[in-house]
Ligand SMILES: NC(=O)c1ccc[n+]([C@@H]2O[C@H](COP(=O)([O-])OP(=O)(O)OC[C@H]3O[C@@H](n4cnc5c(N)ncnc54)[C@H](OP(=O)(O)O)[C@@H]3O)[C@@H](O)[C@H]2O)c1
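Just the one chain here, laid out as structure tokens, in the form predicted alone.
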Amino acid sequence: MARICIYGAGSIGCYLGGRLAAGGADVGFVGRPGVGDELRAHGLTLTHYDGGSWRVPLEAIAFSTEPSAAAAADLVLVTMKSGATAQAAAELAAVVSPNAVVISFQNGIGNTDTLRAALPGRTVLAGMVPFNVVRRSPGTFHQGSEGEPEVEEATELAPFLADFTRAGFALRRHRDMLPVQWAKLLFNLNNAVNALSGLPLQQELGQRDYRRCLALAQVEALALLSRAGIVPARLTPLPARWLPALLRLPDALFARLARKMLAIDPLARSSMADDLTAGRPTEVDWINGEVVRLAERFDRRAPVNERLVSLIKAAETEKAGWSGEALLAELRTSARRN
């Protein structure tokens, strides 16, 4: 049986690895000491918003804080925060097998390139996890929204497809992951809005002013993607270019037309909100910051996303909540100043 290593055992890594292990795959985890203590004390419990539940007992969990634990892996799933990618790439370069397959299941656009540069000759693939994972209690991770893992197509994936199938994942494969990554990033632009709101995702998306904030950020990104010749993949029934119009609809009409978008666990928050609550650095530079960098390629600015980046950075050190009305006014002012 192929050995799978979860490199970066946070919420996404514990959920993916836990589901794979519950399905019978040989899985090991590499992460921080505190996570290891938690898993050794509680094992892993994985739950799904549709009622599904899986359990991995603590005695079945192989956990290490050392990069060398990835040396025996045939498949490495990189699930750490984007800010740690360069360090992870250097660590993996020293230990990972030349025949191993590495998948980046991270936010942002450029992590796969960073890993490929450090791991020449290895198969390094872009991946994407579209769903939200909530850490409900020690060792318990809950999938709070819909979706299946998505990955770049490669023949080298063949030995691992059965592992994902047994885990209950329909691993979706694509010849070109860039449009898929940008499609997810368009949704992830809401992470900053959600974090600044201080509300669960379902409540935040239920308020028109917050949705208008997201629409402003998406319109800015879509214009730049059009200039770059990138058409985001269609991850919803509506094409990406129609999403801002949907978001601007009155609350009652939006609730009727976007039931699928609102099918989120009532307690789920964005990972960025969780990072602010825990006092951790956020991934805003790899989400809204990606739009800012895309604008710079064309000697342009992305003032709405720039402002969201700066507001999140301020919130990392100075807690402050924003009403939808106040945040919308702030972002509109930034857009007019451009």
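Take the two forms, find the largest set of C-alpha atoms that superpose within 1.5 Å, and that set is the rigid core. For clarity, every value in this text was computed on a predicted model and none was experimentally measured. Residues carry their position along the shown sequence, with the first being 1.
Keep in mind the form predicted in complex with the ligand is missing from the figure; the text below concerns it.
Undergrad: So which of 187, 160, 131, 254 gets a non-hydrogen atom within 4.5 Å of the ligand in the predicted bound form?
TA: Result of the distance check: 131.
Undergrad: Among 77, 80, 177, 96, which has at least one heavy atom within 4.5 Å of the ligand in the predicted bound form?
TA: If I apply the 4.5 Å criterion carefully, the residue I get is 80.
Undergrad: Since the chain is shown here on its own, which stretch among 289 to 297, 303 to 311, 46 to 54, 28 to 36 would lie within 4.5 Å of the ligand in the predicted bound form, judged by heavy atoms?
TA: Heavy atoms within 4.5 Å of the ligand in the predicted bound form occur in 28 to 36.
Undergrad: Do residue 181 and the ligand share at least one heavy atom pair within 4.5 Å in the predicted bound form?
TA: No - in the predicted bound form, heavy atoms of residue 181 and the ligand never come within 4.5 Å of each other.
Undergrad: Can you tell me if residue 12 lies within 4.5 angstroms of the ligand in the predicted bound form, counting non-hydrogen atoms only?
TA: Contact check for residue 12: yes, within 4.5 Å of the ligand in the predicted bound form.
Undergrad: Mark residue 105 yes when one of its heavy atoms lies within 4.5 Å of a heavy atom of the ligand in the predicted bound form, and no otherwise.
TA: Answer yes; at least one heavy atom of residue 105 falls within 4.5 Å of the ligand in the predicted bound form.
Undergrad: Is residue 84 close enough to touch the ligand in the predicted bound form, meaning at least one heavy atom pair within 4.5 Å?
TA: Result yes; residue 84 sits at the interface with the ligand in the predicted bound form.
Undergrad: Pick out the residues of 269 to 293 whose heavy atoms come within 4.5 Å of the ligand in the predicted bound form.
TA: Result: 283 alone.
Undergrad: Establish whether a shift of 2 Å or more occurs at the C-alpha of residue 78 between the shown form and the other one, with the two forms superposed on the rigid core.
TA: No, because once the rigid core is superposed, the C-alpha of residue 78 moves less than 2 Å between the shown form and the other one.
Undergrad: For residue 201, is the CA shift between the shown form and the other one at least 2 Å following rigid-core superposition?
TA: Yes; residue 201 is a residue whose C-alpha shifts (by 2 Å or more) between the shown form and the other one when the cores are overlaid.
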